[in-house]
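As structure tokens, one chain now follows by itself in the form predicted alone.
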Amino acid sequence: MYKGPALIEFPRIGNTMQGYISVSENDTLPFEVNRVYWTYYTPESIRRGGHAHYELEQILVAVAGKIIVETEMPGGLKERFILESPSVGLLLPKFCWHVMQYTHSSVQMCIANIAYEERDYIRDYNEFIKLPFAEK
């Protein structure tokens, strides 16, 4: 069976007087980083995502604001995550269908294991639900 989404806590260094920093390096992540991107100023009425990936694994971090992430794994396991701390990320494994909704002020950083490749996207939900249940 597929491993599902999982929350990852990054170290939180600092204090309320001086602020905080969270750090992650390749040896603390579940994959080697090959791409980092971020989204921002997404209107609250917009739901982004609506796809899965064959090979891409990524960690979503709400650097600012709040992001609601709805996930579904092959076989039907559905979960809902609320990201609102920059020291917590959500690991999305391959074959994880996901939809995100943002507060207008949110900034989402994505840490990915592979570079962008359009062929890696599963954009048709009907194709997604036909995926076999055995791990790839």
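A residue's number is simply how far along the shown sequence it sits, counting from 1. Quick caveat: nothing in here was measured; it's all calculated off a predicted structure.
Below, we refer to the form predicted together with a small molecule, which is not included among the displayed structures.
Chemist: Among 70-78, 48-56, 24-32, 83-91, which stretch has residues whose heavy atoms lie within 4.5 Å of the small molecule in the model of the complex?
Modeler: Of the options, only 48-56 has residues within 4.5 Å of the partner.
Chemist: Would residue 61 count as a contact of the small molecule in the model of the complex, using a 4.5 angstroms cut-off between non-hydrogen atoms?
Modeler: No, residue 61 sits far enough from the small molecule in the model of the complex that none of its heavy atoms falls within 4.5 Å.
Chemist: Is there a heavy atom of residue 110 no more than 4.5 Å from a heavy atom of the small molecule in the model of the complex?
Modeler: Contact check for residue 110: yes, within 4.5 Å of the small molecule in the model of the complex.
Chemist: Any of the heavy atoms of residue 121 lying within 4.5 Å of the small molecule in the model of the complex?
Modeler: Answer yes; at least one heavy atom of residue 121 falls within 4.5 Å of the small molecule in the model of the complex.
Chemist: Can residue 125 be called a contact residue for the small molecule in the model of the complex at 4.5 Å between heavy atoms?
Modeler: Answer no; every heavy atom of residue 125 is more than 4.5 Å from the small molecule in the model of the complex.
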